[in-house]
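Take a look at this single chain in structure tokens; it is the form predicted on its own.
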Amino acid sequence: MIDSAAPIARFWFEFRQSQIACVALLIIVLIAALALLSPWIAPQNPYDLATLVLMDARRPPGHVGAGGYVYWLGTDAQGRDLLSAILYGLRISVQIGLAAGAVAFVVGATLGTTAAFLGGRVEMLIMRFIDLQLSFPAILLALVLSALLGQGKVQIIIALVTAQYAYFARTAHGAASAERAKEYVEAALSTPLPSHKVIFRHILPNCLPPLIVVATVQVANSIALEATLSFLGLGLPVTEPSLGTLIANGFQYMLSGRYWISIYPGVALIVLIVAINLVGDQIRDQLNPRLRR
């Protein structure tokens, strides 16, 4: 009997050989835990206007506010505790990044695999449209769609999915085209099994390794794009403590010496994106035989 856990164990053993990837994975797990538990561990609820004290606005790190409350990372222009706002901002960034990446994965993988399986004019039409979209920068498409759709979580997820699904489609098409020509697919097609089941049972599972690598990159890109759009005022509204809005709220105070309002959310954003990319690089190296040592 073949042990199905053996490949996973071998993959994890190889992953642990990279100390940088392990540290990056630990950072991701820690950030995800902080984001998930932010409503319970954050010192303040940034959404609750009743807890904000305007007299404590733009206070430096370590400032002792009303009632002896210590603002360890300072406060922003609205008097929000920056530590609490960053925890809630990480929660929003992780939610949007995972949601946009997952939907783009499903849409792009389905389109790319279907195009490779059907071939002919259907493949030509789908892939020419994908190539046309890939000729435009993702940030440009996201900016235009965000301006048209307006602000909000759902709107920004739609914009990010539309701007990024083409990367999954192109990768899935390349992998599925190679699988489509193999004998096991021809054997499956000779059975009464419907075509869509051949795609999802036989072709798509063998296309997952490159798609997983693309997914890690696109989740990080989704987080960065959301922060960029929110910084420009096209993402989430200013009432929600997104990392992008937190950076934008403190940008005008940088020259006056109140660096902490923008710097700390920016550091949190950079650490999250770099950690995801480092894990993605390690996964790519392990799944690509040409890069295996």
Partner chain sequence: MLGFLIQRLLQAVVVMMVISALVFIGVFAVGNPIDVLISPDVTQQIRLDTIAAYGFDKPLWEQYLAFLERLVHGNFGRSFVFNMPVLQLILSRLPATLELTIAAVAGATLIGIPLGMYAGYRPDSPITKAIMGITILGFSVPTFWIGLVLIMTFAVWLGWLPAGGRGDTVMVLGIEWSFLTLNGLSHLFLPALNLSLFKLAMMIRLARAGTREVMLTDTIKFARASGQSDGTILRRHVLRQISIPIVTVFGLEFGSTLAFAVVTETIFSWPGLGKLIIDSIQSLDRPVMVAYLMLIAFLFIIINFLVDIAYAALDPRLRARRS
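Numbering follows the first chain given and starts at 1. Since the structure is predicted, the reported quantities are computational estimates derived from the model, not experimental observations.
The same protein has a further form, the form predicted together with its partner chain, not shown here; the description that follows concerns it.
Student: The chain here is shown without its partner chain. Which stretch in 167-175, 139-147, 93-101, 106-114 comes within 4.5 angstroms of it in the predicted bound form, by heavy atom distance?
Tutor: Looking at the partner contacts, the answer comes out as 139-147.
Student: Of these, 154, 187, 124, 132, which has a heavy atom no more than 4.5 Å from its partner chain in the predicted bound form?
Tutor: Selected residue: 132.
Student: Spell out, yes or no, whether the shortest heavy atom distance between residue 38 and its partner chain in the predicted bound form is within 4.5 Å.
Tutor: Heavy-atom contact with its partner chain at 4.5 Å: absent for residue 38.
Student: Check whether residue 281 has any heavy atom within 4.5 Å of a heavy atom of its partner chain in the predicted bound form, and answer yes or no.
Tutor: Residue 281: contacts its partner chain in the predicted bound form.
Student: Taking the shortest heavy atom distance, is residue 228 within 4.5 Å of its partner chain in the predicted bound form?
Tutor: The answer is yes: residue 228 has a heavy atom within 4.5 Å of its partner chain.
Student: Although its partner chain is absent from this view, report whether residue 44 comes within 4.5 Å of it in the predicted bound form, heavy atoms only.
Tutor: Judged by the heavy-atom cut-off of 4.5 Å, residue 44 is well away from its partner chain in the predicted bound form.
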